[in-house]
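Okay, here we've got a single chain as C-alpha cells, the form predicted on its own, with questions on binding and movement later.
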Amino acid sequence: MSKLNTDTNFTDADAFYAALADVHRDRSDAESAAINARLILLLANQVGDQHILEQALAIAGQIHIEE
C-alpha cells in the first residue's frame, strides 16, 4: 500500500510559492477559486493513486485554526 509523502519534496519551495502568489495576483476571489480547483485536479491527475489522494484529502481536511 502506498503512503503519502509529507516530507518536504520541493526542488525550490520559494519559487513555487512565488509562482503561486503571482498566478493569483489581481484575480477576483472567484477566479482564484477556479485556479485552485484546476490546480488541484491537475496535481491529483499527476499523482493518480486513489489511496494517496484519499490520504491527502484526509490530512487537508484536518483544519486547525489558531487565534
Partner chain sequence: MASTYTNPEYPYRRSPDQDAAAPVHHPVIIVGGGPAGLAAAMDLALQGIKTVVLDDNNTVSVGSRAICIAKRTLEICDRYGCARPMIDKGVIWKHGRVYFGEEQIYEFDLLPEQHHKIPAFINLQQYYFEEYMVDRCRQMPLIDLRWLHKVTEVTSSADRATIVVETREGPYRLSCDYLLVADGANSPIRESLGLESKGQVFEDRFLIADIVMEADFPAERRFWFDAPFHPDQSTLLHKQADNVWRIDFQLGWDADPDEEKKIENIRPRVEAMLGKERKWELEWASVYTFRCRKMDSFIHQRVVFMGDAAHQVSPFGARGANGALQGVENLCWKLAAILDGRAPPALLATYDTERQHGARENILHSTRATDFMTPKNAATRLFRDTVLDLARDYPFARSLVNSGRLSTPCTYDDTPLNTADQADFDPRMRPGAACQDAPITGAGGQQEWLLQRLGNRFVLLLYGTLPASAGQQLEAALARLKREGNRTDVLWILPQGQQGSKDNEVVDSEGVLAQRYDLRPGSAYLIRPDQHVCARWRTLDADAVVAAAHRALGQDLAEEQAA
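Please read these numbers as outputs of a predicted model, since none were measured by experiment. Positions refer to the first chain, counted from 1.
Another form exists, predicted together with its partner chain; not displayed. Remarks below refer to it.
In the predicted bound form, Glu54 stays away from its partner chain, with no heavy atom inside 4.5 Å. Taking non-hydrogen atoms only, Ala44 never approaches its partner chain to within 4.5 angstroms in the predicted bound form.
Contact check for Gln62: a heavy atom falls within 4.5 Å of its partner chain in the predicted bound form.
Using a 4.5 angstroms threshold between heavy atoms, Thr6 counts as touching its partner chain in the predicted bound form. For the partner-free chain shown, Phe16, Tyr17, Ala18, Leu20, Ala21, His24, Arg25, Asp26, Asp29, Ser32, Asn36 of 16-52 come within 4.5 angstroms of its partner chain in the predicted bound form, judged by any non-hydrogen atom.
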